[in-house]
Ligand code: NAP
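Have a look below at one chain only, the form predicted on its own, in structure tokens format.
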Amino acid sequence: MAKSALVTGATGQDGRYLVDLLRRYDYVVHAQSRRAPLPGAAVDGIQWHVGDLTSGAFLERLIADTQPDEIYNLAAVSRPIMSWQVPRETAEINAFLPQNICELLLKHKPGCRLFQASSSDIFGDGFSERQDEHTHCVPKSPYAVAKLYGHRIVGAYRKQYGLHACSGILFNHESPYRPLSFVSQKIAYAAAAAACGLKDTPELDERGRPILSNGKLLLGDLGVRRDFGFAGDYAEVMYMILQHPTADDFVIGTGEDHSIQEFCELAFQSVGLDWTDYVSVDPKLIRKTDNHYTRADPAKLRSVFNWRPKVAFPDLVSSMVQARVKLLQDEMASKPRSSGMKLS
């Protein structure tokens, strides 16, 4: 009999890769989101469940009715900067939802395995050159504080009740599915737009301005360094962690770090352009509480699973840009006169 899995937050980039992976392993997949492509429908073994996970009644019905063998909790307010605008919602989803899931598993399906998507933002800044499962945590935003609570509470329920509950401490991971609200995708989009000859893009930034405005992409601190990986690789790790006979927590990252400037260099280079002609720094975009440096120490992950990332950083950046080039070319071909795009 096929296993069943419940994936919360299934329309995000991680959810898309994870759902595809689970289908390849012949799982019956239950996918939750606030909005789904085909609400209530089954497509290729995927059952969509549309609803708000902060609703206790909806969450209990979801777990009680689906009786999953595995749960991958990917639902979150996913941007630290947004968490300042909705701190209460951030706490409800990022902190208390994992605890509520644990409580409902004890009630309805104690043998179910749980993967909790934790975040490297829990670490904050400055305590070690690399971050592993034992690094001191000093979270700096409502997002990070809530994620740390979710991370710790899952471990507490594992110890107290014997739940097979694991947390993956995910470092930055990107893909062509990354939303434009993230800086990595803004850079990829701007490079693609410049390559297509655009000076002003139809897509806007958080301030309501074109992401590429008068031929320029405005960014904050270019010296911020991140451990960037490929979301598809990390979805495979989530699955591997939950198949392991012993429930545990793992740092998930490449062990490398790259600056935002390097991301810009590679993105524009992949389409034959010089990034310095298109990128400018706007001091107003520099975030006071941003983590300035993250670099995973994935030694435990490598030791237990012999895991290495398949997609290298330059290939990741190039794939994101090329995907955006194709989308823009398709848009320009279908709406050549009414697109509102200004060509250089």
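The first residue of the shown sequence is 1; numbering continues from there. Quantities reported herein were computed from a predicted structural model and do not represent experimental measurements.
As for the form predicted in complex with the ligand, it is not shown, yet the points below apply to it.
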Interface check vs the ligand in the predicted complex: of 319, 66, 47, 33, the one with a heavy atom inside 4.5 Å is 33
Exactly one of 119, 201, 83, 254 comes within 4.5 Å of the ligand in the predicted complex through a heavy atom, and that residue is 119
Exactly one listed stretch (165 to 173, 213 to 221, 264 to 272, 104 to 112) reaches within 4.5 angstroms of the ligand in the predicted complex by non-hydrogen atoms, and it is 165 to 173
4.5 Å heavy atom contact, residue 77 and the ligand in the predicted complex: yes
Just to confirm, residue 93 within 4.5 Å of the ligand in the predicted complex by heavy atoms?
yes
inquiry  = Quick check on residue 179: any heavy atom within 4.5 Å of the ligand in the predicted complex?
reply    = yes
- in the predicted complex, does residue 89 have a heavy atom within 4.5 Å of the ligand? yes
Of the residues spanning 10 to 24, the ones with some heavy atom within 4.5 Å of the ligand in the predicted complex are 11, 12, 13, 14, 15
